[in-house]
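One chain is shown next in structure tokens, namely the form predicted on its own.
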Amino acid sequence: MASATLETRENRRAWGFVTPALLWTVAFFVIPFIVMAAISLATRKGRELVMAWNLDNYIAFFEKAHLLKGLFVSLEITFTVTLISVVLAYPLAWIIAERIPQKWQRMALIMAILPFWTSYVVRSYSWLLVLAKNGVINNTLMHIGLIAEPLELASTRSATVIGFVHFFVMLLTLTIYANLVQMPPNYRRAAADLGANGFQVFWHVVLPLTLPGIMVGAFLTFVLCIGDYITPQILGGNNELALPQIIMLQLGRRADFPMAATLSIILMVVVTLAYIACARWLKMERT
């Protein structure tokens, strides 16, 4: 009887800790998501919102080329940014974890995450100043005589990728570094004793053990990048619209809330599919 009473008391205490988080999730995620899903099944007639409860908006998404193109543009930018960020972040994380003395690693990590200390908007506008026709890069190249006319760097997809990579390399560096410092050095020594060279040790031992960190960072990069509106708007301009930009146009210019909700649901479906694809390595990280 005493043990049952104690267990009941512990369960109540546990629910007391969990309930606020559950209420917060329901209030600010579940209910808004249900409302957004319901709005995506409505139609707009003039200035009125009519609950038609049909899939016309989803059908229109696949029928209208500019909407479908926005999704592909977002996916292409996101995959490019993720790949480049992984390629740049892994050597940086390796240098911090393996080549810098342990007493200086904390300082190196602080230097690596300095971009996180500035405003996201400020970083984007700073890159716009660097990449503009009269920006730092063009002025430097023209001054040393490498080019005669300014290059079109701003308001392009390349500018958007550069802005994203500058931010996400640091995020991936942290997740990869966390895996590298937790890896026992005896694994590499054992592989070397068995005759493996440096590349074989990396390919068969180090890379598989650090893959969870890579996938966690890549997934976070994917989620944050594909849903970002600020960087494509500032650095990419309106020459090539990503899906978040199209969503904002539906809200700001057309006041088409059903289509904006539909595009948002589609974006969430893409993120969910990305999570399912990465779930195996995310679970490995948790264990």
Partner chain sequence: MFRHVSTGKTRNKLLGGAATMLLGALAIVPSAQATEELNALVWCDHTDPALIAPFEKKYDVKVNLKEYEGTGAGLSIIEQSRAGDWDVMVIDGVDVHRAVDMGILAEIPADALPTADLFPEVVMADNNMVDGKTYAVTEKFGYNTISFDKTKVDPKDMEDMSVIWSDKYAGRIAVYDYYLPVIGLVGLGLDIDTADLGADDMPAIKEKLFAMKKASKQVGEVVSSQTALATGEVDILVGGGEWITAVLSEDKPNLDWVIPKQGGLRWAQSIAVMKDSEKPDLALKFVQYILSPEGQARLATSSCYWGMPANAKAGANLTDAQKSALRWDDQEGYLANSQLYPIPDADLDAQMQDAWVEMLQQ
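A quick note: this is a predicted structure, and the numbers were derived from the prediction, not measured. Residue numbers count along the first chain shown, from 1.
What comes next is about the form predicted in complex with the partner chain, which does not appear here.
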Stretch in contact, per heavy atom within 4.5 angstroms of the partner chain in the predicted bound form, of 26-34, 51-59, 65-73, 218-226: 65-73
Although the partner chain is absent from this view, report whether residue 155 comes within 4.5 Å of it in the predicted bound form, heavy atoms only. yes
In the predicted bound form, does residue 246 have a heavy atom within 4.5 Å of the partner chain? yes
Might residue 186 be said to contact the partner chain in the predicted bound form, defining contact as any heavy atom within 4.5 Å? no
Residue 102 within 4.5 Å of the partner chain in the predicted bound form, heavy atoms: no
Picking from 132, 214, 108, 191, the single residue whose non-hydrogen atoms come within 4.5 angstroms of the partner chain in the predicted bound form is 132
Sequence-ordered list of residues in 215-238 near the partner chain in the predicted bound form, where near means a heavy atom within 4.5 Å: 237, 238
